[in-house]
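One chain comes next, on its own, written out as structure tokens in the form predicted on its own.
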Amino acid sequence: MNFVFNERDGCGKCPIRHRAVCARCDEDELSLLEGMKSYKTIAQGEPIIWRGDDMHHISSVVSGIASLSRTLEDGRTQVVGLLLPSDFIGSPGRETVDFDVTAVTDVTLCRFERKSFEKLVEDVPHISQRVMEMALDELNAAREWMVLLGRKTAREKIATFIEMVVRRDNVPVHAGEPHILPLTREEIANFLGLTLETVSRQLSSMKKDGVLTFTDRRKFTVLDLAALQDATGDDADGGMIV
């Protein structure tokens, strides 16, 4: 993502301020959160929390990317989603989590002690409203992930992933702004159920078609946002084109 995070900055300067759980908070409510928060950084590849572990903190992702996954008895692992900046880890009223959460890149979390945060949800309508909105967003994201893995073509999968990165970046969603792929091509292939060769071929095809341009293997610019959105296979209302 295109920001530098400084833990010494207050909530008002937080790069996810207008997308996180505190998005609707006024100055007094932000002061309450300021007194409750702590930061923790997890190194790339390290677990953030395992499925079934006691959840002592509820957290927002400030920077980096984490994966949600479920491991089967025979060792197979299925990634069921990605957590990007402003996404939430944990739910008020839940003492455990249902998935393994792992840092795909270095991840910085803004954390709140669970019981204190649950009381805040009860006492502050702006926070309880935002928690509900984010829970519904999470449900929609899970449904989109099901469609992406189960029904979309390779090009549609990659276009959807790139469109998601652009949409969730901290810059306005329009053509001409530089963005950074948060994952390597091999990691993208693993997450999308594709081969590395397929990912590279499809990215090269989008470059040839004038949809994207790359200055290196990770830094890219969207030249034609409408074409990128068309390539996702979604219609204008967010559903699949049939």
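What you are looking at is a predicted structure, and each value in this text was computed from that prediction instead of being measured. Just so we're on the same page, rigid core means the largest C-alpha set that superposes within 1.5 Å between forms. One rule holds for the numbers: they count along the sequence shown, beginning at 1.
Keep in mind the form predicted in complex with a further copy of the same chain is missing from the figure; the text below concerns it.
This chain is displayed without a further copy of the same chain, yet in the predicted complex the stretch 185-193 from 59-67, 205-213, 185-193, 35-43 comes within 4.5 Å of it by heavy atoms. Contact with a further copy of the same chain in the predicted complex, defined as a heavy atom within 4.5 Å, holds for exactly one of Asp106, Glu113, Glu138, Glu163, namely Glu138.
Contact check for Leu84: no non-hydrogen atom falls within 4.5 Å of a further copy of the same chain in the predicted complex. Residue contact check for Arg76: one or more of its heavy atoms lie within 4.5 Å of a further copy of the same chain in the predicted complex. Contact between Lys152 and a further copy of the same chain in the predicted complex is found at the 4.5 Å heavy atom cutoff. At a distance threshold of 4.5 angstroms between non-hydrogen atoms, Pro47 is out of contact with a further copy of the same chain in the predicted complex. Although a further copy of the same chain is not shown here, in the predicted complex the stretch 121-137 places heavy atoms of Val121, Glu122, Pro125, Ser128, Gln129, Val131, Met132, Ala135, Leu136, Asp137 within 4.5 Å of it, in sequence order. With the core held fixed between this form and the one not shown, Ala154 has its Cα displaced by at least 2 Å. Relative to the superposed rigid core, the position of the CA of Arg185 differs between this form and the one not shown by 2 Å or more. In the predicted complex, the CA atoms of Leu84 and Thr160 move farther apart by at least 3 angstroms compared with the shown structure.
The distance between the CA atoms of Thr160 and Cys110 is at least 3 Å longer in the predicted complex than in the form shown here.
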